[in-house]
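First, one chain by itself: the form predicted alone, in structure tokens.
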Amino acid sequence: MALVALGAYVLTMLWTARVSLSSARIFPTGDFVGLGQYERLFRNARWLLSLENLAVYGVLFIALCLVLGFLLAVFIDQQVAGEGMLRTIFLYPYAMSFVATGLVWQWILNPGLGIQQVARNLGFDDFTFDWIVQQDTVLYTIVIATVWQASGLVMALLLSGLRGIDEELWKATRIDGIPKWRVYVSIVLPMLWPSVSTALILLFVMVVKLFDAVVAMTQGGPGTASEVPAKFIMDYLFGRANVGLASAASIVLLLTVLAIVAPLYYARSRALERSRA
């Protein structure tokens, strides 16, 4: 396993970094052009747009997943009837592939087939819900689809954290007359930090890897309105035969992931150490 990890991950990352410093087009080359590919990359308007889209998508996706996942976890933690069934229902979308999710939501949001058409068939002739074909709103449809899929995972992580809280804490807060919402905000959420940080890391990786849902739902359109870095890389790697530029974009994404995930992982490790002490 160690050799597989070394060969399949570390060595390929180093190879990609080397290719990003060359003038490679269709095939890798052994020349050296320094940071030329990175300069070209950040002069590319399509790449800059993909980064902007990813930032907007990432903020909305992570925030909504955390809020919705936390609310679902709190709901199920109330010992509701049919808890096992509800957990399965909420977590099931995460078992689906992003391609399947994208296709289903493409049909649901299609103005000629989905919500808009159903509403008009019911007599609401002026009802309009065509976000998926509008450049200003298409990104939000991808947020809706992927939040629906990933919020169940956050629910499962936070629910496991909630179930680990000592029952005596709840008894003490009830005796002191502390409002329940205040208990969750001031006491429970800080105690859930290890679970929240794990959810943050997983959600951020999903954000950076966003590709399948975009291709299934919009193909990056209308125009380039829903372009994201992973699609940019795949297009330049296979469609435009520019291995050097695609490799440079891959390294930029890798450094972004390391810059954000590493501090989160460190903070999570420190929190776990303090909780054990």
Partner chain sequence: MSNAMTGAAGRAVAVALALALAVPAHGTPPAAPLKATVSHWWTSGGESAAIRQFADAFTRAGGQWIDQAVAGADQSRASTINRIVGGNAPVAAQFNTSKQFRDIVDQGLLNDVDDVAARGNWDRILPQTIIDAIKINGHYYAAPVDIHMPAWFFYSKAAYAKAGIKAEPASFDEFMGHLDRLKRAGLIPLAFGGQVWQEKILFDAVFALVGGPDLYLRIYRDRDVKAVHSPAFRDVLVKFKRLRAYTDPGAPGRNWNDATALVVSGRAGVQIMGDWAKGEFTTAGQVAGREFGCFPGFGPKAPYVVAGDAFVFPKTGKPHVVKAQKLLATVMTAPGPQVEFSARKGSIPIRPDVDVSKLDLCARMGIEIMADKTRQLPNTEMLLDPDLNGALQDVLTNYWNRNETPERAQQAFAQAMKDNTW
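Positions refer to the first chain, counted from 1. Since the structure is predicted, the reported quantities are computational estimates derived from the model, not experimental observations.
Although it is not shown, the form predicted together with its partner chain is what the next lines describe.
>> Within 4.5 angstroms, counting heavy atoms, which one of the listed stretches 110 to 118, 73 to 81, 195 to 203, 164 to 172 is next to its partner chain in the predicted complex?
In response: Contact criterion met by 110 to 118 only.
>> When its partner chain is placed as it is in the predicted complex, are Arg87, Ser160 and Leu189 each within 4.5 Å of it, taking any non-hydrogen atom of the residue?
In response: The answer is no: none of the three residues contacts the partner (heavy atom, 4.5 Å cut-off).
> Here the chain is shown alone; which of Leu91, Val133, Val183, Ala100 has a heavy atom within 4.5 Å of its partner chain in the predicted complex?
Replying inline: So the residue touching its partner chain in the predicted complex, by this definition, is Val133.
> Can Gly58 be called a contact residue for its partner chain in the predicted complex at 4.5 Å between heavy atoms?
Replying inline: Because no heavy atom of Gly58 falls inside 4.5 Å of its partner chain in the predicted complex, the answer is no.
>> Whether Trp15 contacts its partner chain in the predicted complex should be assessed with a 4.5 Å heavy atom distance threshold; does it?
In response: Trp15: yes, in contact with its partner chain in the predicted complex.
> Hey, in the predicted complex, does Ala267 get a heavy atom within 4.5 angstroms of its partner chain?
Replying inline: No, Ala267 stays farther than 4.5 Å from its partner chain in the predicted complex.
> Looking at the partner-bound form in the predicted complex, is Met234 within 4.5 Å of its partner chain by any heavy atom?
Replying inline: Met234: yes, in contact with its partner chain in the predicted complex.
>> Given a 4.5 Å distance limit between heavy atoms, list every residue of 214 to 228 close to its partner chain in the predicted complex, or none if there are none.
In response: The stretch touches the partner through Gln219, Pro222, Gly223, Thr224.
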